[in-house]
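In the form predicted on its own, a lone chain appears below as structure tokens.
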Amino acid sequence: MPGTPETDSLRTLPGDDIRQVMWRFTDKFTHQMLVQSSRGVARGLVARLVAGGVRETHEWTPEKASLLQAFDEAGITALYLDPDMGGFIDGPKNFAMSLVAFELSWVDAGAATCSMAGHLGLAPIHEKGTPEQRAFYLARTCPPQPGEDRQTWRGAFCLTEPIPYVGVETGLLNGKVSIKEWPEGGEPLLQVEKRGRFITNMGFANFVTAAVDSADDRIKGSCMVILEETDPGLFDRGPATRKLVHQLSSTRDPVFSLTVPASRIIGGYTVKDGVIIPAFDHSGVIEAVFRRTRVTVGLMTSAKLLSAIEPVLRYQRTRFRGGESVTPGTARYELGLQQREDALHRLIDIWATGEASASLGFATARLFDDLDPIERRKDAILAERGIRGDRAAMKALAAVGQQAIPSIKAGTPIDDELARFVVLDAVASVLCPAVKLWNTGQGATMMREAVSLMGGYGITEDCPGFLGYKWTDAQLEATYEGPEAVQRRQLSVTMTNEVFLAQFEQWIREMRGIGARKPGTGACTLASAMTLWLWTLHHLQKATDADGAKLYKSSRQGVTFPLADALCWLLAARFQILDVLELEARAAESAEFHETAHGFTRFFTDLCHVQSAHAAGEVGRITAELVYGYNRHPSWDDVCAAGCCTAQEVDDLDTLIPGYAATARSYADVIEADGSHAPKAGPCVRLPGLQTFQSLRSRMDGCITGTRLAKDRAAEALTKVMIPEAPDYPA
């Protein structure tokens, strides 16, 4: 590329040695083996099924069912289980599950969904079940060991989905539970009526965890119950959902009318004054489950973007081969479309988005692994301190959070375990919906870009990398576990938490420091954008619109939702930078690894610079619309014409300052004697009190300096990177 200096940059596509460092599992041998076994399933059986056309049917076929055995043999089915139940990873498994979903989605997200949905069906029992429920169901979902003669139980998760709505309102339950029989001195029998829609794994599930609401005065509130296929009554799997996507998972619209013992209420129950009181309502169970599994779904889209790089590179380079005039050794033969800057720059944007979304997703999964054990001890810690009851606990945790804020801002370690929980929980409550919203939303947009770079080939069945399938699959992932509005709603509440904002301020200082040491990362740009976002949030929380109505409140989603979107861009870019710095630091520790990682570090640094500029651009656009957009534009009919000058005033000053009149008429709002004025919509906008915003916006724009040079360097690297001669899985 003209004007671009030669640098030691990218030589090959990143392999496991690079990814293990960036995503922090170099010291986790079990996770590395899990990645390899999952990859073997994905690029072997899954790829053959997709290439063989099994996505062409909605039904759960024997060919698709072969996935379940493959998952069992690869250790994927037992992943969610603790070692005493037949699993092989002790402790939290959020990161491990994310790695598996990433590997499977590299080839087909439907296969990943088939796997993850089994864990989702078991999750309510795992997170909130009684010891007896956990022991019974977790043991049966573990694949049989050598010598055992039994089948593996499979689960499904049935939430709301009231027909004909799909995933709209989790607070509305169409399922009902009542007491069918209550023998004196015996266990009550419950009658469960439930209709589901778009329920994954229903083609083969042996049990279902279903959300239901009370239809009986003798049962308080809502709960989740366990339904088995052999229970008395109707266990109708329903018709197959006629999906256009994720065809390697079984999705159906089931109907249940079953009688089950009250011991199937997840978490158990107590009886008071003849009323069954479930230990957990359905919302409490859902919160414990979804705040973790949303991260996994977000990473499924990240895998699509990064898997698209190699097929697009191959297509670009071979696009013109075959013509008589295109001979080996010529630029047209060796580079093809990569002779043109546009093709390279657009691929850089796709790659940068994939890296940022993967960094955000895996960082959040690791955060939940840190949070889980503390969260499980939280109640015990509160009890030790004499704090009992939900209201008292909330008050105590809020006080702990306030006490932790000075330490957060100072960047000093927090030793108190309860305070550490409050901080991690505040950050996780933001990162979880951010991953789900940004990775799937922006990811789907960029997958469309990846398909377009393949030309007409991108929307054919034999497109390398199955990019057309991945593009359409991404549309569904954006609605999984709550559509985008649900994530934005959650963010609009959690991102105003004082504990999170204190952490955010510390992150700004962190990026400033990185920017000072390593300006090429884009950290300076990002810090300025983060500062602009934070100022805008504080401003909007106090500001009103032109009619005096408060701006930042739950009902004004035109304010809160865009600001949530802007935050997601910042978070993704931050974690991307931190991953590259981790790679650089590890490379500095080993001369051998430095030789391998140096080119990747240079290239990924440029990608960070590019992505930080994209994030800053989005933040600048959104914040400017919000800060300025709710003020009424002045018109020439306003009283006093918004401070306009009259022609007489301008002419009088011209006698004192020669030439002033001509200058004023060019740059100021001047009304002539006959009432005429410059041909524009209205007087220039003057908004006192917004000088700080204007200064911050100007500073951020200046910080974007150098980003296009970084993009040029990264684009040049694409023309030199070596790729395998053939794809690593079939077309």
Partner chain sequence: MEFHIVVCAGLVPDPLQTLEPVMGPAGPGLKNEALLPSVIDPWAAHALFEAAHLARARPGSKVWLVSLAPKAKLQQVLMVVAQKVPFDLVAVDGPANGFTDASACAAALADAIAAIPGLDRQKLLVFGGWESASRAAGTTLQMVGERLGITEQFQGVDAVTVGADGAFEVLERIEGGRHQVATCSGAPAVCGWATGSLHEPPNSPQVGMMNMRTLMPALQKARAASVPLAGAFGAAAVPSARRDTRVVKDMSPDAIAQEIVEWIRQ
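Residue numbers count along the first chain shown, from 1. This is a predicted model, so every value here is computed, not measured.
Although not depicted, the form predicted together with its partner chain is the subject of the following passage.
Between its partner chain and the residues Asp654, Glu461, Glu181, Asp379, the one pair within 4.5 Å by heavy atoms in the predicted complex involves Glu461. With the partner removed from view, the residue among Phe207, Trp106, Phe421, Phe600 that has a non-hydrogen atom within 4.5 Å of its partner chain in the predicted complex turns out to be Phe600. Residue contact check for Ala74: one or more of its heavy atoms lie within 4.5 Å of its partner chain in the predicted complex. In the predicted complex, no heavy atom of Ser676 sits within 4.5 Å of its partner chain. Taking non-hydrogen atoms only, Arg708 never approaches its partner chain to within 4.5 angstroms in the predicted complex. Heavy atoms of Pro188 never reach within 4.5 Å of its partner chain in the predicted complex, leaving it off the interface. Screening 190-198, 233-241, 82-90, 119-127 for residues having heavy atoms within 4.5 Å of its partner chain in the predicted complex returns a single hit, 82-90. Residues of 582-615 placing a heavy atom within 4.5 Å of its partner chain in the predicted complex, in sequence order: Glu592, Glu595, Thr596, Phe600.
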